[in-house]
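First, one chain by itself in structure tokens, the form predicted alone.
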Amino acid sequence: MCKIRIRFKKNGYMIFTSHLDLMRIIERTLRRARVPISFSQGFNPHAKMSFATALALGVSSDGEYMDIELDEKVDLDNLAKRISKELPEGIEIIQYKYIDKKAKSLMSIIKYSSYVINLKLEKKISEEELRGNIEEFLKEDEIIIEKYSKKKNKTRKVDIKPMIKSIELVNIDDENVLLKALLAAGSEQNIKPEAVMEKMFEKMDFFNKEYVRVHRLELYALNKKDKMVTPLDDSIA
């Protein structure tokens, strides 16, 4: 038995596919590509594959990851070609490699996600003023949102300030603003960029609150020196 880790893109119409449906699509694709995937034991066996973090509907990505367990070792280049041939438009394999079969799960190693966020302006603002507004926002002692737990049927207040590692202004013109954000992601802490933008809009009234376009660039784990690396990096702790 062996395990491979795959990085893939999710774009086009596929951004409107839910995480659950994506898992079904991938499993059907692997079957059509005749991938020697391992299955669990028991009454209801399922394919041994796992994904990193779920992507919100409408969000495109260049940094999605999945692990697949195989019954036998195969040529990866050939395997990637077979899988790519069966994938629907909008899903594209970028990188792949064998990893240790005892490697930690993707969910457990992911710590951060980077995004580019496109916003629309309702009022003109200079680059200097916007940079100042973002700096003030990031200096807040706490940034509180309300999170609803369906399981507990209750709402609780959460301080997301520690989950925002950075927000940078990439570009601004008369109508558009492009930001780059690095936010907590994974099983320990996780914050969606849309939630961060909602809190920014409360402080900045020059944005069109109805327009937020998000693209995930990459997911990151930490290596043994606490340096951010991709899930395909050999130095992951």
Partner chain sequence: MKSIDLKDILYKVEKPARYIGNEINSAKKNLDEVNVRFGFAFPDVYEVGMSHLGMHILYHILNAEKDVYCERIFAPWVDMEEEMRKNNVPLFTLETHSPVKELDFFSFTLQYELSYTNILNMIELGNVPIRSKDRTEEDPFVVAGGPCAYNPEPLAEVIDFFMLGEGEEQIVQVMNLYKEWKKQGKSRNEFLEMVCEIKGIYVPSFYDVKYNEDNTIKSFEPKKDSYPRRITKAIVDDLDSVNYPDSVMVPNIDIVHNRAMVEIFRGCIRGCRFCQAGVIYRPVRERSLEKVEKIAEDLLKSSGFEELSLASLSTSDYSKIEDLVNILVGKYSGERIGLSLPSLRLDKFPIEVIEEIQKVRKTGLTFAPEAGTQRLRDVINKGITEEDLTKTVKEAFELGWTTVKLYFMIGLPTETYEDLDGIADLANKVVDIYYSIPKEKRGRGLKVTVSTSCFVPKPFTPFQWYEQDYRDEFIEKQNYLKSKLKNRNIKYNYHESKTSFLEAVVARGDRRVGETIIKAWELGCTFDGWGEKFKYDKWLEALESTNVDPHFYANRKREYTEVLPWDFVNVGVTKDFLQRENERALSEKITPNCRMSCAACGITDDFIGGDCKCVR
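From a predicted model like this one, the values you see are computed outputs, not experimental measurements. Residue numbers count along the first chain shown, from 1.
Form predicted together with its partner chain: not shown, discussed below.
Here the chain stands by itself, but in the model of the complex one stretch of 179-187, 199-207, 165-173, 53-61, 53-61, has heavy atoms within 4.5 Å of its partner chain.
Contact check for residue 128: no non-hydrogen atom falls within 4.5 Å of its partner chain in the model of the complex. Shown alone here, residue 87 lies within 4.5 Å of its partner chain in the model of the complex, counting heavy atoms only. In the model of the complex, its partner chain sits within 4.5 Å of a heavy atom of residue 213.
Under a 4.5 angstroms non-hydrogen atom cutoff, its partner chain in the model of the complex lacks residue 229 among its neighbouring residues. For the three marked residues, 136, 139 and 144, no heavy atom of any sits within 4.5 Å of its partner chain in the model of the complex.
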